[in-house]
Structure formats: C-alpha cells, structure tokens
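Shown below, as structure tokens, is a lone chain in the form predicted alone; questions about how it binds or moves come after it.
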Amino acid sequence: MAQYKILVSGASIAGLTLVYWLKQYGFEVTVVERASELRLGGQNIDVKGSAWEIVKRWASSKK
C-alpha cells in the first residue's frame, strides 16, 4: 500500500481529531495552524448522547 502524506490546515478540535484518526490508519500527517499562539476563546462543544459513545470508544481504543 502506498504511504499517503496528508496536510491538515487548522489545529482546532476538528483538525486534530482528523489527524488522530488518520494516524491510526497509518497516514503521515502534517498540521499547519495560522494562529501564532494558543487561542483561549472559541466555540464550546457539548458531548452527550451518541457523541459521548464515540468518545468512550475512542478512549478505550487507546489502551
């Protein structure tokens, strides 16, 4: 199988989640972020219902 190199633009929750899963499947990933420092503001997320089930599966897959 060919080694794919992927560039992800943005280190927000969506970008970093994508990076995590791509690396789990063996992709070589580079992340670029425009912000020069940590942004303390932004959109809050509420994880409940089916999203909570996904988070639990994600956490248990790391063990």
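When you see a residue number, it is the position in the sequence shown, counting from 1. Given the structure is predicted, the values throughout are model-derived calculations rather than measurements. Just so we're on the same page, rigid core means the largest C-alpha set that superposes within 1.5 Å between forms.
What comes next is about the form predicted together with a small molecule, which is not displayed.
- In the model of the complex, at least one heavy atom of Ala11 sits within 4.5 Å of a heavy atom of the small molecule.
- For the chain shown alone, Glu28 is not a contact residue for the small molecule in the model of the complex, no non-hydrogen atom being within 4.5 angstroms.
- In the model of the complex, the small molecule sits within 4.5 Å of a heavy atom of Ala35.
- The closest heavy atom approach of Asn44 to the small molecule in the model of the complex falls within 4.5 Å.
- Fitting the two forms on the rigid core leaves the C-alpha of Ala51 displaced by at least 2 angstroms between this form and the one not shown.
- Distance between the C-alpha atoms of Asn44 and Val8: longer by at least 3 Å in the model of the complex than in the displayed form.
- Relative to the displayed conformation, the Cα-Cα distance from Leu16 to Ser50 shrinks by 3 Å or more in the model of the complex.
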